[in-house]
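What follows is a single chain, given as structure tokens, in the form predicted alone.
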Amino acid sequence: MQQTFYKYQGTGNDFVMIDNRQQTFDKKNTEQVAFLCDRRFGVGADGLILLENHDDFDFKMVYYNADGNESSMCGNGGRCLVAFAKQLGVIKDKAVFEAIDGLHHATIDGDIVKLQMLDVDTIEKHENHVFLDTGSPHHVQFENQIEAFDIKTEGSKIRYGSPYNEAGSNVNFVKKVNDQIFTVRTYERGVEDETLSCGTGVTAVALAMHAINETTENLITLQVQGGELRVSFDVENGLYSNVWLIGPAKFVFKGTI
């Protein structure tokens, strides 16, 4: 059976999108998901996303990592799914959808999608890193030699090491440019490599930098390998709310396989 798919990318974080409103995709077939995400034998992507009907909201998001396993929230994937929903005529310029971590609100204007992320009230501050969950778990640490740094090797050591072990964490390396701008490179769990951008990752970095007093701004620009994203938020008594991930989400091509 042929599968129609759509390819989208958000600052280089790329996804295979499938319209599964008719429930025709075999969601238990991890090998098929991994094949579609394979850059040499399949379509090629950091993840695969199903758009499904929802009884109460605009749609439901089901996200799989490139290894074929259903995974935790993907921020750039969520933004791309909003653009996909608009292309399909499911929404116009606003959306409310359900993902694995709960409800998300979003707006779309041209190719710029603003996605509301989860509130965050727990940020663990350690001697050399910060840990927090922005829909997915994220380890955040500084790396001043970020341009020449071996992200895959060093990120893998942290991802599989204590205290994360097999369950793992995404790993973000950060260099401060100024109070408003930070450079970020991310090793993604499930991809098991660096991605050009990670939405929940840059969200985690923005909140972490504010929490450890590296910035007092509440609109942060994050420079990633695939472009730029922005994160805005409110904070009161340690609770980060009204958290928005902002950036481009672009259709690349449609095909069948």
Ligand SMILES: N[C@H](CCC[C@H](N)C(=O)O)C(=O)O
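Numbering starts at 1 and runs along the sequence shown. Computed from a predicted structure; not experimentally measured.
Quick note: we don't show the form predicted in complex with this ligand, though the next part is all about it.
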Pocket accessibility when this ligand, as posed in the predicted bound form, is superimposed onto this form, judged at 2.4 Å from backbone or C-beta:
open
Counting only non-hydrogen atoms, which stretch in 217-225, 28-36, 191-199, 50-58 is within 4.5 Å of this ligand in the predicted bound form?
191-199
Picking from Gln116, Gln87, Gln141, Ser72, the single residue whose non-hydrogen atoms come within 4.5 angstroms of this ligand in the predicted bound form is Ser72
Classify Asn170 as contacting or not contacting this ligand in the predicted bound form by the rule of any non-hydrogen atom within 4.5 angstroms, answering yes or no.
yes
Counting only heavy atoms, which residues in 54-71 are within 4.5 Å of this ligand in the predicted bound form?
Tyr63, Asn65, Ser71
